[in-house]
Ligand code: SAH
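Given as structure tokens, the chain that follows is alone and in the form predicted on its own.
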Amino acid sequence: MNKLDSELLQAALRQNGLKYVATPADADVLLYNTCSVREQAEHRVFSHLGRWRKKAEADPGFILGVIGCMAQRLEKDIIRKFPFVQLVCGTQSFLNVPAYIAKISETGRSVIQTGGGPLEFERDPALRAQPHHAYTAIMRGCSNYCAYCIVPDVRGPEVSRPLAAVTDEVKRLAEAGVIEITLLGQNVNAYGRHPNYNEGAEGGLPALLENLNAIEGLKRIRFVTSHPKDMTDDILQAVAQNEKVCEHLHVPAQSGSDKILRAMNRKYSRRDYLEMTERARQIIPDVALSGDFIVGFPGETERDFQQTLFLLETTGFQQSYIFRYSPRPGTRAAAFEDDVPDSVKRERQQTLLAAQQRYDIKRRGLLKGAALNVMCTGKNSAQPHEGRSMGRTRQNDIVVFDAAPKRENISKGDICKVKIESTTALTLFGTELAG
């Protein structure tokens, strides 16, 4: 979501006459788009800001700004610690930044804005990080209030964009050469179904997927991140029935213990989660599931952790992101006693990672000899396979491969049939089949 916000803001700035320069030191306007999900990210921003004190104090024309989640959450702290920061702009008004910059330039006064802003915007399809792929936000905010998460406080409640607006945006992106789209939302599978805003988004995610599936030129559709409680059968049917929608679902589990899930305010049980994954596999036979886990949440006992390990091993995830719990000020869990020692958190994290790796080796090993459709994302830059093409399957597996004999070049966005010849825990290796 932050990457997309940066692209949208870049377009708005350019449309208002600003241009990008080669290095931050050459800039008249320097903006940090920030995240508050983890504390370390905030510390890095504070460190960066401190480096610009001398330039900001010596150059009255230099504008230094902080935008995004950190600005929304720590507005007063930023102003107090870094009085030379002239722009503090939150998550709901970042598209107004060009006007704020103009105001600062005219008056010399700082602008602090963490209130609401427009949900709709004019997007320049040409401004995107990849020629073949683009992100599209279909909703913003979150209304789940998980005990460990700061997102609802910094991004506000769930608000869905009208289906027609999203469809029009994706059509324009496809006309500009985009063949893969990733739909974004903090709770993407609640699109059009939450109480805050349904106007124009009737039919929810299934209706939107059907609309986008009909867009000429588009070849792949993905969406993240999904909440287990909102993964309904009609969404699963839409994935199965619309051929451009990839068979990959990112559905964070967070824990396998009902006690911890209740403390996290996740609104589902371990049984609910396992039943959801079973429905997904019945409706979408080739589906790959990925998830998130948090270890060491307050009150997590060894028994609770073993239940999480059981869920991970039972489900069989294509990929798992495993985090050690750390308190985030402003969340409900910040008031809980952080009673799991860091050494135990690290041990449990490594145990889950090892279990995931064992499954990775087994699952990807079974793909040896298969011929898979791979969308090229560029050249591999890591040794010892530097220079080979790299891409992803519909199930989001990473593939490193050689071009078919006599083929001169593979471009980003090309879909190649690749025969898998060897595998590791994380990567498939193969050669493009001729023809």
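Small disclaimer: the values here were computed from a predicted structure and weren't measured. Each residue number is its position in the shown sequence, starting from 1.
What follows is about the form predicted together with the ligand, which we do not show.
Quiz prompt | Contact test in the predicted bound form: Arg51 vs the ligand, heavy atoms, 4.5 Å | solution = Contact with the ligand, no.
Quiz item: Does the ligand come within 4.5 Å of any heavy atom of Phe94 in the predicted bound form?
Solution: Close contact is absent here: in the predicted bound form, Phe94 is far from the ligand, nothing within 4.5 Å, heavy atoms only.
Quiz item: Is there a heavy atom of Arg407 no more than 4.5 Å from a heavy atom of the ligand in the predicted bound form?
Solution: No.
Quiz item: Is the gap between Ala41 and the ligand in the predicted bound form 4.5 Å or less for some heavy atom pair?
Solution: No, Ala41 sits far enough from the ligand in the predicted bound form that none of its heavy atoms falls within 4.5 Å.
Quiz item: With the ligand left out of view, which of Gln130, Thr351, Gln241, Ser326 would have a heavy atom within 4.5 Å of it in the predicted bound form?
Solution: Here the answer is residue option Ser326.
Quiz prompt | Option touching the ligand, based on a heavy atom within 4.5 Å in the predicted bound form, out of Thr315, Thr225, Gln86, Ser320 | solution = Exactly one residue meets the criterion: Thr225.
Practice problem: Specify the contacting stretch among 165-173, 286-294, 76-84, 95-103, defined as having any heavy atom within 4.5 Å of the ligand in the predicted bound form. | Solution: Residues of 286-294 come within 4.5 Å of the partner.
Quiz item: Does the ligand come within 4.5 Å of a heavy atom in each of Cys376, Lys417 and Gly430 in the predicted bound form?
Solution: No, the candidate spot makes no contact with the ligand.
Quiz prompt | Residues within 4.5 Å of the ligand in the predicted bound form, restricted to 134-155 and counted by heavy atom | solution = Residues within 4.5 Å: Tyr148, Cys149.
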